[in-house]
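Have a look below at one chain only, the form predicted on its own, in structure tokens format.
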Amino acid sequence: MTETPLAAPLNVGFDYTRSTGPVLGRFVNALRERRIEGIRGSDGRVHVPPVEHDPGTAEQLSEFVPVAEEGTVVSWSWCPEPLDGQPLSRPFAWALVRLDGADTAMLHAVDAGAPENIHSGQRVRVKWADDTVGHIRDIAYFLPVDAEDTTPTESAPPVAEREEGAPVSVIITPVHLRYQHSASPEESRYLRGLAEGKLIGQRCPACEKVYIPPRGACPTDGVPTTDEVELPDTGIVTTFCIVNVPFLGQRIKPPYVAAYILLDGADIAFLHLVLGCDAQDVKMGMRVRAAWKPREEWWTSLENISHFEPTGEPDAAYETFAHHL
């Protein structure tokens, strides 16, 4: 009986952090004070949000210009099902709004209630966040100029640490991509094998190379890889990197090693951790073995292997794995 391919939701995300520089820095610090400033270009046009260099001449710009909190909808698109992290959790319009005093439009949300309540040419005004922090989200959204609104604004964006009263010089923008990933039938058998403590690859019938994780087809010969091969949990380090720099969400304290592991009997390496020794002692050709998590923690994931660690066996000679690099 054919098994149903596995599927699971995936969430890829990080907090994008950047320094503002003098131009965006002035813009977000003005927002914190509930003011909006643009910048005048070489041709006299006012850009909002301000740009550091003129888009036509590349000239560095420095003449800041205050603009109004009201403006005109240039174009719009209705968002019936908002995603997490968007300006509003209820249906709204994404719109290009040209503020009075500006010559360019800025993209933001308009809380119109329904699509029939918004149109190009409509006059709108800023709804400020209850707590402004020095971020584009200090403009919570726009409202039709004649609309009444007493709704509290939604959650504020994350804020970088700074001294009390210091100007904003760093902004943080969470970035997330959420989607449903469906594994291929070959990947699904590989993942189900991991749930049983097995490492299952596939062999190409033409070149006889063994691929793990399986691809379903040989990238060299273009033929289906239907022969399954159960591989041992031992192999060698082909290439590696010592991670010395800390980053957000890091689970292991640096330094540690991320390495490509070529399992015995396989022809392609995969990325994993090498622990159980000093990072400085890891080298190409080192023999390693998988360190599996406790059986009760296994599921359909390569995370069942916590890491690889040295076996203590002699290193493999370079020429035995050089063609796999």
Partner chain sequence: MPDVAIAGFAKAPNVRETAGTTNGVEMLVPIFAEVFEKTGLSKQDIGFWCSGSSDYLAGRAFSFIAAVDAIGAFPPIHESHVEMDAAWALYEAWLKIKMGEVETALVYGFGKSSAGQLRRVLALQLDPYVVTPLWPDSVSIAGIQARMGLEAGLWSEKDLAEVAARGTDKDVSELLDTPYFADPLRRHDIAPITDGAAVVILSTVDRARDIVDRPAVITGIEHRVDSPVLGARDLTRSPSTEIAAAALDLDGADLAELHAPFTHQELILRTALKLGDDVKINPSGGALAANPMFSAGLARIGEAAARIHSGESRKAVAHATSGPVLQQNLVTVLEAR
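Every value quoted in this text rests on a predicted model; they were computed, and no experiment measured them. Residue numbers count along the first chain shown, from 1.
What comes next is about the form predicted together with the partner chain, which does not appear here.
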Within 4.5 angstroms, counting heavy atoms, which one of the listed stretches 232-240, 124-132, 189-197, 90-98 is next to the partner chain in the model of the complex? 90-98
The partner chain in the model of the complex: contacted by all of Pro22, Pro66 and Gln250, heavy atom 4.5 Å: no
Of Leu177, Val245, Val145, Ala166, the only residue with a heavy atom within 4.5 Å of the partner chain in the model of the complex is Leu177
With the partner left out here, check for me: in the model of the complex, does some heavy atom of Ser184 sit within 4.5 Å of the partner chain? yes
Even though the partner isn't displayed, in the model of the complex is Ala105 close enough to the partner chain, meaning a heavy atom within 4.5 Å? yes
Ile136: touches the partner chain in the model of the complex, heavy atom cutoff 4.5 angstroms: yes
Would Val51 count as touching the partner chain in the model of the complex under a 4.5 Å heavy atom rule? yes
Within 4.5 Å of the partner chain in the model of the complex, which residues of 80-101 have a heavy atom? Give them in sequence order, or say none. Pro80, Leu83, Asp84, Gly85, Gln86, Pro87, Trp94, Ala95, Leu96
